[in-house]
Each structure stands twice: as C-alpha cells, then as structure tokens.
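One chain is shown next in structure tokens, namely the form predicted on its own.
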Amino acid sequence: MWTWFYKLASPPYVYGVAAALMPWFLGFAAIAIGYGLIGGLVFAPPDYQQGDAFRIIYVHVPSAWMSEFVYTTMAVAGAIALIWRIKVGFAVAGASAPIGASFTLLALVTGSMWGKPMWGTYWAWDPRLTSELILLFLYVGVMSLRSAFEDPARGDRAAALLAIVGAVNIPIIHYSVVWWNSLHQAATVAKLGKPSIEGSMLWPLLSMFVGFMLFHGAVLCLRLQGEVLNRERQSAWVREAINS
C-alpha cells in the first residue's frame, strides 16, 4: 500500500517522474490559463461596483492562493524529510521556495495595483496584506537559511524547521479578514457555503487557479530535476543520464 510513498525516497525514480510529468503540466496549464484569461478579461461582465478594475482578480487571487499552497507544500516536504529521512523531501522544499516567493510577490504587487483605485493607496497595513508580506519574508528566510551553512545537510534541516514553524502564518493569512477589522474584502470563493460571485466571473477564476496550479507543477518538476541532479551529481545513475 505504501510502496508509492517509499519510491519517493529514490532520486532516480523522482527524477524520472518529474521529467515525465513536466510537459503534461505545462500543456494543460496553457489551456487552463488561456481559457481563464479570455473568459475573465473578455467575456466576464464588469463588476457592479468596481467596473473593469475587478479583472485584476484573475491574476491576484490565484497568485495569493498559490502563495499559501506552495508554502504548505514546502513545509510538508520539509516535515517528511525530517521525520522519515527522505532526502528528496529537502529537494522538493528547496525547489518550491523560489516558486512560492514569486507567487507571493506577484500577489503583493497586483494587490497594491488593485488597492490604489479601491482604497486610494497602494499599501495599507491591513491584516491580510501584512500577513502576506510576512509570508514573503518567510520564503526569503527559508532560501537564505538554506544557503547560509557550509554543510548542505544542516542548511536543509534548518530551512525545513523554519518552514514548518512559519506555517502558522498560513491560517492567519486565510482568516485575517474574519478575525480582525480589515479593509480587504471577505472571502467570496474559498468559504463554507455557495460562492458569492456570479458564475461567468467564477469559472474563469477557477480556471486560472487550476492553470496556476499546473504551471507550478511544471516549474516544480523542472526545478526538482535540477535539485536532484545537483545533490546526486556523484552518483553513477546521474553520469549515465548525462551521457545517454
């Protein structure tokens, strides 16, 4: 039953799976993002309050969702590596950090662009914005800590511990608009009950989320291959793969 799990401890197996999945992820990501952009930017009607300015959600919201998802992935991978001594988990965590930081930065930039016409300012120390900024600092901290040690194994363990501890920020980001008085609008999709967004606006948004998820999968596979090759560069299978 757990054979698939223990196969993940094999770098050659993980390298092969990542190489096989990457083009599929990339192809389906292009389809999903293409549909989402056309549906959201062309066919979705203007918002009754925000007009066409709301269309930035088709980049901002999926980026924000992915910033949390990738961090969770990174923390879980680090925990698996620490608990089960599966070193590929450190490779997944290391490959995930720059991707998650990019999504977080994109969410902050597009959020600021959206905030200017809605709030009259590019930045407010709103709980949601502040906790998202802290998430970016956590990503940078994980990447910096990982490279701060001469011994890569110590750097992996330290970065994994920081990622796990920092995961407490994920529910804070998600529930900040509920727990505190926030300028940021409340959840309209990721909540209990029916989403409070019209279908012609919702489906392109969900398609963008799926597309961003698949794009993340493709980039993760590509970066993971590089991580595995770098870590296993002295192994015979790597030399065979390079020479083949």
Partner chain sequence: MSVGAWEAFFLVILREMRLSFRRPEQLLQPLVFFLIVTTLFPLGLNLQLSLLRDMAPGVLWVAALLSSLLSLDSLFKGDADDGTLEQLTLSGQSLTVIVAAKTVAHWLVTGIALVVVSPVVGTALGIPTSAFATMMLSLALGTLTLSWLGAIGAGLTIGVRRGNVLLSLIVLPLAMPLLIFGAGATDRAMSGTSVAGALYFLAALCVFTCTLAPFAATAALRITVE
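Positions refer to the first chain, counted from 1. Bear in mind that the values here come from a model prediction, so they are computed numbers and not experimental data.
A second form of this protein, the form predicted in complex with the partner chain, is not displayed here; the remarks below concern that form.
Of the heavy atoms in V92, none are within 4.5 Å of the partner chain in the model of the complex. In the model of the complex, V165 approaches the partner chain with a heavy atom inside 4.5 Å.
Mapping the unseen interface onto this chain, P127 falls outside it, with no heavy atom inside 4.5 Å of the partner chain in the model of the complex. Contact annotation: V76 falls outside 4.5 Å of the partner chain in the model of the complex, judged by heavy atom distances. Only one of W180, F28, Y35, W203 lies close to the partner chain in the model of the complex, with a heavy atom inside 4.5 Å, and it is W180. The partner is not shown here, and in the model of the complex the stretch 15 to 37 never reaches within 4.5 angstroms of the partner chain through any heavy atom. CA of I173 to CA of L105: farther apart by 3 Å or more in the model of the complex than in the shown form.
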